[in-house]
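The chain that follows stands alone, in the form predicted on its own, written as structure tokens.
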Amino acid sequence: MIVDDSKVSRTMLANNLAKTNFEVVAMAKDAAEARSLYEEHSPDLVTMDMNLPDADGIECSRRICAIDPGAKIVMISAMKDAGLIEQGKSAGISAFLQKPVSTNDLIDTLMLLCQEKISRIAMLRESYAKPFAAALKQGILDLIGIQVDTKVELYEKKYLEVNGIAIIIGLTGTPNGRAIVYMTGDTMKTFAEKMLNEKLEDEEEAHEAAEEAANIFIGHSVSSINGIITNKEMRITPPGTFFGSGVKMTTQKLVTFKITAMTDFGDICINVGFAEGD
């Protein structure tokens, strides 16, 4: 929930959050509306302006905390000094940011406050795996012009077995890991022909097209993540490609997600795994 008397400030914050997996469930322009909307929506987090027409942000925070002592409130104000912070903490405010606040600082602060409520797996799913799913969906649309549905699932098997092509791309930075784009041979051939808009007789051309597509899917995924969390940049390594039946790759020591794009000529999948430590 965003609390700010300025429509411009509310809109700017909402636009910043629209680039992330946080959802704005309510926006309030004064303390009375903030209290009412908090009771109605029970948001996980609140951003709070200092200057409100009917009470200041500290008093508004105090009223919210009277409803929910566990409320997570981030004060976003043009002013930030020791006295304000001390008053805010006594009213139940969890964190303080100074205007103009960068998207990166805002997201880092919100994620830190959410860590008590979400597990590492949930954090990786929301902040990292879902951007891979969005990039896969958009990449397929851009490359072959079809809309697909995607799903994200936690992958708990010890091995990934591939029958067809597997393109492995390393992920460096924070978090590090690897992504595997894979599909059956028949799906690869149809996808490559749609991508190149021609019939392919040479299987090697289909391999090269699939590898180029994988680079696009993973590159766009990482760029999307880096656009939001800019101080923990990820990078990708050159791809390694395997083709065959019963190819097994370990998923141990990784938190792994399977992302599936469903087409009428077969599934195109990404198995993305992140190292268990930071």
Partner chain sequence: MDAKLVNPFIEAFVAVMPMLGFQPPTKKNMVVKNKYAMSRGVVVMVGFTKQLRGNVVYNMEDETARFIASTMMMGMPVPEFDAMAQSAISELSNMLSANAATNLTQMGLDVDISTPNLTIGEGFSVKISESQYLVIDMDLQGHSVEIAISVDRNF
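A quick note: this is a predicted structure, and the numbers were derived from the prediction, not measured. Residue numbers count along the first chain shown, from 1. Throughout, rigid core stands for the largest set of C-alpha atoms superposing within 1.5 Å between the two forms.
Another form exists, predicted in complex with the partner chain; not displayed. Remarks below refer to it.
Chemist: Quick one: find which of 22-30, 46-54, 220-228, 245-253 has residues within 4.5 Å of the partner chain in the predicted complex by heavy atom distance.
Modeler: It is 245-253 that comes within 4.5 Å of the partner.
Chemist: Tell me, which of I236, I216, C65, L37 has a heavy atom within 4.5 angstroms of the partner chain in the predicted complex?
Modeler: Selected residue: I236.
Chemist: Could you tell me if all three of G173, I180 and E211 have a heavy atom no more than 4.5 Å from the partner chain in the predicted complex?
Modeler: All three within 4.5 Å in the predicted complex.
Chemist: Consider K72 of the chain shown here, and say whether it contacts the partner chain in the predicted complex, taking contact as heavy atoms within 4.5 Å.
Modeler: No - in the predicted complex, heavy atoms of K72 and the partner chain never come within 4.5 Å of each other.
Chemist: Test of understanding: in the predicted complex, would E204 fall inside 4.5 Å of the partner chain by heavy atoms?
Modeler: Output for E204 is yes: heavy atoms within 4.5 Å of the partner chain.
Chemist: Taking the shortest heavy atom distance, is I144 within 4.5 Å of the partner chain in the predicted complex?
Modeler: Contact check for I144: no, nothing within 4.5 Å of the partner chain in the predicted complex.
Chemist: Counting only non-hydrogen atoms and a 4.5 angstroms cut-off, does L113 reach the partner chain in the predicted complex?
Modeler: Contact check for L113: no, nothing within 4.5 Å of the partner chain in the predicted complex.
Chemist: Establish whether a shift of 2 Å or more occurs at the C-alpha of A209 between this form and the one not shown, with the two forms superposed on the rigid core.
Modeler: Shift of 2 Å or more: no.
Chemist: L124 and S42: their C-alpha distance differs by 3 angstroms or more in the predicted complex. Do they come closer or move farther apart compared with the shown form?
Modeler: Closer is correct, given that in the predicted complex the C-alpha spacing of L124 to S42 is reduced by at least 3 Å.
Chemist: E40 and S127: do their C-alpha atoms lie closer or farther in the predicted complex than in the form you see, with a change of 3 Å or more?
Modeler: Their C-alpha distance grows by at least 3 Å in the predicted complex.
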